[in-house]
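In the block that follows, a single chain appears as structure tokens, in the form predicted alone.
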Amino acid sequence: MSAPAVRWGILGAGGIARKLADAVTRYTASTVVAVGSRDEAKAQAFADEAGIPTAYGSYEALLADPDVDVVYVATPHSHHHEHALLAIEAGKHVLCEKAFTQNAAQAREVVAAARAKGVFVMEAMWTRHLPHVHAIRDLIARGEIGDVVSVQADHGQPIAHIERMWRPELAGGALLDLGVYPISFAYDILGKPDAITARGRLFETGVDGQVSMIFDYPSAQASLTTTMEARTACVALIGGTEGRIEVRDTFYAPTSFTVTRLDGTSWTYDGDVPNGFQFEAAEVARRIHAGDTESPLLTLDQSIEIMEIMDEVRSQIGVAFPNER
């Protein structure tokens, strides 16, 4: 609530957009002033439900609205590249859902356009902004668990019944929808790996149903898994030379963690808060008012590197999308 107010427009009227609209409206000083969809009836229904004053039947109309300061791109990630570029060209600041794009080449195009236009752009990896993740970064930085040597994280959800997840032309599969969470978490703790080993199980349409990954670093490893066929524990473990951090279900959402040191001492941090999207929304507002064009919590170059990691994973498991370039 202490962050400055901005006026949001929502591009795409799906479920995740409802979560952002609720977070902005209930937990920040900002407002959602408009929503746009290719389906005007869908946009109007969304606006009526969320109490948004204006609904548009096209993305172009939304982006032409002078009352919109920043656009939340909430379409499938197969279209993030196209829609982020549309918003940037219109001079709007952008919060773009993760995965940032389909691949690193598209991410570089979005970043180049944003820098040329001078607008703020950030990938909407909400986990980076949550209280428990801030606390984890702080305790690692002060040496509470010593040097980090191991990160484990899994994310599995039973969403294989959703038709979009099977479609390669919509960038379906577990990796971009679900695997981006453990990948981004490991990157947040350890950075970009020196080497990647990945194995996956593909569905008959060519998308990945399940992926396991090992990231190698000079003095650490990350072990990461994702599946869209089962609800897994969705926990994360960080092992250090002086102790460990156990992040409870669900590690990427508002939750708690326990620190246990080698000397036997232990303490728990409670980071459970409602919704959670308000923290990334507040970061966007702060940066826009400060005149910044990106956030140090998740820079544009970092988003490109995360896409490069996922490109390498897809290359190893044999997943390609027909409409990427």
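The model shown is predicted, which means the values in this text are computed figures rather than measured ones. Note that residue numbering begins at 1 and tracks the sequence as displayed.
Form predicted together with a small molecule: not shown, discussed below.
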Handout entry: the small molecule in the predicted complex: contacted by all of 38, 76 and 98, heavy atom 4.5 Å
Key = yes
Exercise for the section: Although the small molecule is absent from this view, report whether residue 124 comes within 4.5 Å of it in the predicted complex, heavy atoms only. Expected result: yes
Handout entry: Heavy atom of residue 9 within 4.5 Å of the small molecule in the predicted complex
Key = no
Exercise for the section: Considering only heavy atoms, tell me if residue 164 and the small molecule come within 4.5 Å of each other in the predicted complex. Expected result: yes
Handout entry: the small molecule contact at residue 83 in the predicted complex, heavy atom, 4.5 Å
Key = yes
Fill in the blank from the handout: Exactly one of 306, 23, 13, 313 comes within 4.5 Å of the small molecule in the predicted complex through a heavy atom, and that residue is 13
Practice task
Could you check which residue among 105, 170, 113, 139 gets a heavy atom within 4.5 Å of the small molecule in the predicted complex?
Solution key: 170
Practice task
Among 239-247, 220-228, 173-181, 206-214, mark the stretch whose residues have heavy atoms within 4.5 Å of the small molecule in the predicted complex.
Solution key: 173-181
